[in-house]
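Quick setup: one chain, the form predicted alone, written in structure tokens, and binding and motion questions come after.
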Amino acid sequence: MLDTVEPLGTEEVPVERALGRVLTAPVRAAGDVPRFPNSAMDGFAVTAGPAGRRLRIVGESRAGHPAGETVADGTAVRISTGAAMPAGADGVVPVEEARDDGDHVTVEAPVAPGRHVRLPGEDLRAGAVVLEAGIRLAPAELGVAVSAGAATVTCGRRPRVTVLSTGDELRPPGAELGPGEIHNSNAVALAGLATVAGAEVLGAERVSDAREATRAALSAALERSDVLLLSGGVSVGPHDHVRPALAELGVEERFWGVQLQPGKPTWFGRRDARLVFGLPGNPVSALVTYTLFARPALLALQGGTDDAARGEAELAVPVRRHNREQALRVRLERRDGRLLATPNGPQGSHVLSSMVGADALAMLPPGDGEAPAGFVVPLIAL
């Protein structure tokens, strides 16, 4: 699937609006950070020397307001954390190690050259790459970009996504339910997941179980979207109209059906550069298959790679195996140096609450009988 994905291109984004975006060009430091020697403590800027000296206070250096005085033997300058070191000073005595007499200060600890002084370039060196292309920009990365002097960053274009949920039984959040009806949780959950992955969600709509309505909704969504996220209607029942409608609209099927529980009827296809994911209608199946298939594609469209943390853990309890690989929703706990994975409640594909509080998907390989407690499983973080 990922071999068919081509990035959508790049755009310059103001750093204030780049949270969650994928960086497609490296960020380099425009200058040293810090730019100037500054104090790591509130105290007094002095020349290096022994304890016991009584020094005359000749000025003050505050953040944004450097002192104009030069420090020499016998003098000191009051200084705040982050303020520029005055000329002549090569160390700082903290307020906790000084006795302030108003016009004079007594240094109660020896001061070595460089003590409590931050030097230029300690954090970032001018011209150095501080953020590599391909990463997703979290708050810390945005802070580093600003420190490096960047006002904008080059990011992958956000994929435009439409979420379509099929089913006559689906009703909007909070609506009164009639016989056989359910609330449309998939639309809200999938739209939220796509947004968190950096996509621009154009809409999350319900489609009735009618062939012409399905075809019309898919046709309109294909015209405006880079990615379609469909839930339900991809199986082979008499009211499953998604696959034939996609075929009529020129969407090429790349695969249908995966050896996975939950998520067997997952479908993937494309029309030109547009990607279409047919996810199962069961809520857990939809969220699991989105995590395993659609999310990596959305990141790839932006020029990034799947950044979900991976690892492994031991099953805390025995788990019955299946003839397909299982994506278990698990809680993680470290006990006696071992990372243990416990199923987060019942694992049925309709039990959406099993996703709440789950830390990871534990990928249990197919097999007979039970996987015993202590069986090692790969993890994909949620």
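Not measured: the values here are computed from a predicted model. We number the residues from 1 along the sequence you see.
One more form of this protein, predicted together with ligand AMP, exists but is not displayed; see below.
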So which stretch, 118-126, 180-188, 154-162, 220-228, is the one near ligand AMP in the model of the complex (non-hydrogen atoms, 4.5 Å)?
180-188
Evaluate Gly233 for contact with ligand AMP in the model of the complex, applying a 4.5 angstroms cut-off between non-hydrogen atoms, and reply yes or no.
yes
Could you confirm whether Gly281 comes within 4.5 Å of ligand AMP in the model of the complex, counting heavy atoms only?
yes
Heavy atoms within 4.5 Å of ligand AMP in the model of the complex: does Thr166 have any?
yes
Val111: touches ligand AMP in the model of the complex, heavy atom cutoff 4.5 angstroms:
no
Note: exactly one of Glu97, Asp240, Glu141, Asp307 sits with a heavy atom within 4.5 Å of ligand AMP in the model of the complex, namely Asp240
Since exactly one of Ala297, Leu170, Val276, Leu246 fits, which has a heavy atom within 4.5 Å of ligand AMP in the model of the complex?
Leu170
